[in-house]
Each structure stands twice: as C-alpha cells, then as structure tokens.
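Consider the single chain below, provided in structure tokens and representing the form predicted alone.
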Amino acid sequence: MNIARNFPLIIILMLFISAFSMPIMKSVRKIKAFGFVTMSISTILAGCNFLYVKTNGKFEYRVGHFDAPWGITFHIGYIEAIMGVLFTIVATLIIWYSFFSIDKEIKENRISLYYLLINILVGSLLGMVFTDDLFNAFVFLEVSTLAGCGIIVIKDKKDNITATFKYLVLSSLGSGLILMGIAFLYPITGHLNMSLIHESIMALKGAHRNILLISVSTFTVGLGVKSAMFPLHVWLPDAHASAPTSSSAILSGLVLKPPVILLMKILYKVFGFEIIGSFAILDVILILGSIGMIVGSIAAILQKEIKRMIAYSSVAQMGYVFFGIGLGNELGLIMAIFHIISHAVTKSTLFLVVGAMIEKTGSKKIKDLKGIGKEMPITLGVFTMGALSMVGIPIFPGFISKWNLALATIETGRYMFVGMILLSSLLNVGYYFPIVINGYFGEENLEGKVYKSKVMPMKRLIPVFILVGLMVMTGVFSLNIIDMIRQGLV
C-alpha cells in the first residue's frame, strides 16, 4: 500500500497532463467525458490516500527524492487528505452538472479550453494544500489565479471581462505581497521549506522582530485578497455573479479555500503561535472576520440578483473562517477548517440550483423567483436545505460550525463576539428565508404558476442530490470529522 504515498503527486500530474490533451480532441462529448473521468480517478486516488493516512498516519513525500532544502516536499496529514477528497469529489460533481449547462453559457469552440482550465485549477489548488514549500505554494497559487480568471472570462461578455480584470489586478497585488513575505523570510532563515523556516525563526530568539512582523502582515493581506477576506473581497461579487454556473460553484466552493489553508500553515506552522501571539495580527484577523460576517450578510440582503446575493453570502461565510483563525485557540482553528468543508459542499450546491432556476425563468432577479417552488419544487427544496445549513439549523453543518465557534469564543473570554455570531445568523435568515417562503407560499406568488412546469430532468439533478447528501453527512458525522481535524493539527 506504500504506492498510496505517491497518489498526491500523481493526482496533480494527471490533472495537469490530461488538461493539455483536451484541445486535440475534436468531439465535445469526448472532452466532457475525459474531464469527468480524470477528475473521478483523482477522487478515487484521493480516497485511497485518505485511507492510507487514516491507517498509517501523516507522512512527508519527497518530490524528486531529494530531502529539503534541496528538494520539494509534500506534507500529507489528515487535513491535507480530507481536502484532497473534498476538492476532487466536489469538482467531479460540478463537472457532471456542467454537462447539461455549459453549452448554453459558452461557445462550443471554447468548451475544450473550459475543461482544460478546470483540471489545471483543481490540480493547482491541491498542490497549494499539499506542498510544504513556500515558493512552490506561491507558484501553485499563481497558476490557480490564472485558471480562475480563465473560467470567468470564458463567457466573453462585458460583465465577465470587467470582473476578470478586477480579479486579476487585485490578485496581482495580493501576489506581490505574498512574494514580499517570502522575500523577507528567506534572507534571515535561508530556507523555503515551512518546517525548516520555523526552526530557523525559533533559533533567532527574538531577533529580526520587525522583519517577522512585516512578513506575517504581507502574507495575511496578500492571502486575504485571494480568499476574499473583508475588506479585500471587492473582486468576488462581480466574478461569482457573472461567471458560468459551474464556474461560480467552483470559485465559491473551492478556489477561496486553499489560500486560507495556506495562511493557517504560515501563521501556525511557519511562524508558530509564540511568534504570532506576540503580534496583534490574530486580533486584526478576528475583527475583520467579525465585520465580514455582518457586512457580507447586510450586502446580501440588499441585492436584487440572486447570484450576487449568494456571492456576498460567501463573503460572510469566509468571515466565519477568519473569525475561527483569529480566535487563536485550538477549537477556533478546528472550526475554521470544518467550516471550509461545510461551505464547500453547501455553497457549490446553492450556486448549481440557482443556475438552474435562472436558466428556467430567464431572470437573475430575486423578485422573479416568487412561486418558483410550485414550478420547480425539487430544485427549491434543495435550495432550502442549503439555506438551512447557511443559517445554522441543527443537524446541518452550518449549525455545527456556528455552535462550536461560539464555544471557542467563550473559551477565550471574548463574550461580545458571541453576539456577532448570533447577529450574523439572524441576518442570514433575512436573505435566504424570503426566497424560500415566497417560492412556496402566498396566493399572489403562486397565481398563474403551473405545477412542475419548469422541473429539471432527474439526470441533471443527480450530482446536486449527491452534494446535498455530502452536506448532510458532514453534519451527521461532524464529530468524526472534527476529531480527524484535531489529529491533523498535531
């Protein structure tokens, strides 16, 4: 079973190599099938890698068989293994769904490019999570940014071009800051490997304090841009709202997550709690996460288009992740990672079903979705389950995140911030529940609507049902997942 140690690298190489095979295929159907098969195989390999970690524990994989600092290493523990399974299975289901929607949203001659970009994107996201080398992580981050821009602009509309340009400019600024952070660390440590950098920092015994502060600050701001930390999120609403449906699901469900995981590694693995605890950086992250939870929700309430509403909801949900990081205790960090899992499956589901509603009604306006529950009862039912999770109703993973974040907050003695969590949850109700209520109830909303007149074919709903199943399982088996995350932090 030692071959499973090679699977993280094999997954990345397979996704990259297979991506550049797609343009030579002439048949759109074959391109779609090839993209689905390669991502499915990646899911199986990621699952085998998870089982290996579960059985044998974490391990270091030497890429090229050279030890650090001469070679690049992958660190694969519970958290990396879980993210590998999460990213590949969600991407597989989104690709499956895209079979039925992408032809309606982009030109036929760009479909091969679209699936090429998805494979490169997922491969680079996994590389960012797996690697234990800072510069290697930076390279993967840049590849993912370019691929992310590609799956937005591929629609070739004015809104997409504008959104992509905004994303690219802001992301470039973030990249510059990340590179500066690496540049500040390398001269004083002589390493790019995260573990070796930490050893060197500890050996400094308090020297170069200002350089360390500048470095951790540039990393935080740079990765904050990439992961839509408030107020660095300004690129996100336009990008998510204008992109094709499957792109929106990938951007919100997957693309935002690896930069946050990388930030966690930099804060706690590279610098260590002793160093970051002596700065105010965690307090800043906590405050920005709290504000993001509230402002993102208020902005979502004010939106008139449903995709923009869900996009601003992502700003609020990422606020919970940064909130957990900023608390600076073990439970807060565990729940930040758990919420990444919860948000990935839930928000992917929401974007896919909303895309189906927009396609059937021909409108992005929230007001035009009144009575949609009569015309598309199953689709709105799936949306309702996702909304219940986002609001924080028991059993669903959103509740698990918020409950434990509240406990983590109490553990730190910052009781005022518990009120921020409660307020944010109430604001979540303010923009999700009106859609559900107006969709199912009210004579004026249902008047003239024909029962099941716009229902989606079952073959198109299967990947969405699987995502909902994953969402519910995340809540039901939350204790097991939390325990594995706790082990992964050791």
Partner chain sequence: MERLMTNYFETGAMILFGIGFVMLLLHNNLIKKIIGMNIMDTSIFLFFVAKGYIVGKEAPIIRQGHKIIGYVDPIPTALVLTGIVVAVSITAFALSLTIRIYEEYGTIELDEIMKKRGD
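Residue numbers count along the first chain shown, from 1. Predicted, not measured: the structure shown is a model, and the values here were computed from it.
Keep in mind the form predicted in complex with the partner chain is missing from the figure; the text below concerns it.
In the model of the complex, which of the listed residues (G381, G176, G77, G272) lies with a heavy atom within 4.5 Å of the partner chain?
The option sitting close enough to the partner is G176.
Of I182, I82, L327, M264, which one comes within 4.5 Å of the partner chain in the model of the complex, counting heavy atoms only?
When the partner chain is considered in the model of the complex, the option within 4.5 Å is I182.
Using a 4.5 Å heavy atom cut-off, which of 312-320, 341-349, 165-173, 246-254 contacts the partner chain in the model of the complex?
Looking at the other structure, the answer is 165-173.
So, in the model of the complex, is E142 in contact with the partner chain at a 4.5 angstroms heavy atom limit?
Judged by the heavy-atom cut-off of 4.5 Å, E142 is in contact with the partner chain in the model of the complex.
Although the partner isn't part of this model, could you tell me whether K158 comes within 4.5 Å of the partner chain in the model of the complex, counting any heavy atom of the residue?
Although the partner chain is absent here, K158 would touch it in the model of the complex, with heavy atoms inside 4.5 Å.
Give a yes or no for G419: in the model of the complex, does one of its heavy atoms lie within 4.5 Å of a heavy atom belonging to the partner chain?
Looking in the model of the complex, residue contacts with the partner chain do not include G419, since no heavy atom lies within 4.5 Å.
Please tell me whether any heavy atom belonging to P187 falls inside 4.5 Å of a heavy atom of the partner chain, as the geometry stands in the model of the complex.
Yes, P187 is a contact residue.
Would you give me the residues of 131-149 that have any heavy atom within 4.5 Å of the partner chain in the model of the complex, in order from first to last?
Counting only heavy atoms within 4.5 Å of the partner chain in the model of the complex, the contacting residues of 131-149 are F135, V139, E142, L146, C149.
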